[in-house]
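Listed next as structure tokens is one chain, alone, in the form predicted on its own.
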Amino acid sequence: MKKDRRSFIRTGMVGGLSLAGMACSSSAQEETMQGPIVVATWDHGVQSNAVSWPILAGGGSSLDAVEQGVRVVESDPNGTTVGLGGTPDREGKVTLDACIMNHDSQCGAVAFLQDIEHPISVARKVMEETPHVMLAGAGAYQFAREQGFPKRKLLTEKGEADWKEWLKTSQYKPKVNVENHDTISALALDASGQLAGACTTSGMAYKMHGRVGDSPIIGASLFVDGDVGAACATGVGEAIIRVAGSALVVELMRQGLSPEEACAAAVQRIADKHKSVEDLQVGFIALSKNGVVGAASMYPGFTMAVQSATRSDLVNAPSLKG
């Protein structure tokens, strides 16, 4: 039975799943956690948090934590949605998008970047070394090489074989994610109370060459306000862009909604803006400046990894559908 708007927004984390080496919570329990916190999207958020947490626990910055955390996912050749090993576009090219943002509204992004393993670190260089927010395509690649990033082939043998198989029919249709991985987005609050976030992806499989989704767009895939909190997104980027999803979540938190309520309201907004949301998966996670976390998605299956001094778990987000 479908949930109505109010019941969905007020629903807590539900369900549970088992993951080797991780406890899985049946409720996000909107507790206020003390000290550093890092949260990340999907099951591969566990990998990211495992790198981010020692940085935070050692007194490091939230910006370093999210950057280093998502880098490990960018380097995983077995992942097909981020960085090395990412599924190519319909021309057989792996193109990457990423952005990063800190508590003070400083941000950087790259779009349609090829042959560079760590777009998140290039995005940080854009933020710190240029007067711009975003570089794209050949210009982003040139900047990356000038900053010392090595050229690397990102299309793996398996990725190429799968692409050639896809070419036999060349049918493209976005689908609800059922593999528990997608864009890797991470948010962190460090011991000094500063927030930061990062987002990185190879985008939709077999997308049109040149397509850019929400992942490098500040306000869509990621938004951080040091006075309120931070939010990030995953799923069909076009739908997230249309409502400035992550900025919307943060603004709803500013108005008094909890992180979970704000995420749920953003998902509802997307549903309201589309005639049909069949096969349209989106998910949001949020972290308040006070250490409260929340998440919500369109369909079941979206997970959020949470790591703090008192918690280490993987939770299922409440969903509007299913």
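On a predicted model such as this, the values are computed, not experimentally measured, just so you know. Start at 1 and count along the sequence shown; that's the residue number.
What comes next is about the form predicted together with a small molecule, which is not displayed.
**Q** Okay, which stretch from 247-255, 128-136, 188-196, 228-236 lines the small molecule in the predicted complex, with non-hydrogen atoms inside 4.5 Å?
**A** This holds for exactly one stretch, 228-236.
**Q** Verify the contact flag for Thr201: yes if a non-hydrogen atom of it lies within 4.5 Å of a non-hydrogen atom of the small molecule in the predicted complex, no if not.
**A** Yes.
**Q** Report yes if any heavy atom of Asp182 sits within 4.5 Å of a heavy atom of the small molecule in the predicted complex; otherwise report no.
**A** Flag for Asp182 set to yes.
**Q** In the predicted complex, does Arg211 have a heavy atom within 4.5 Å of the small molecule?
**A** Yes, Arg211 lies within 4.5 Å of the small molecule in the predicted complex.
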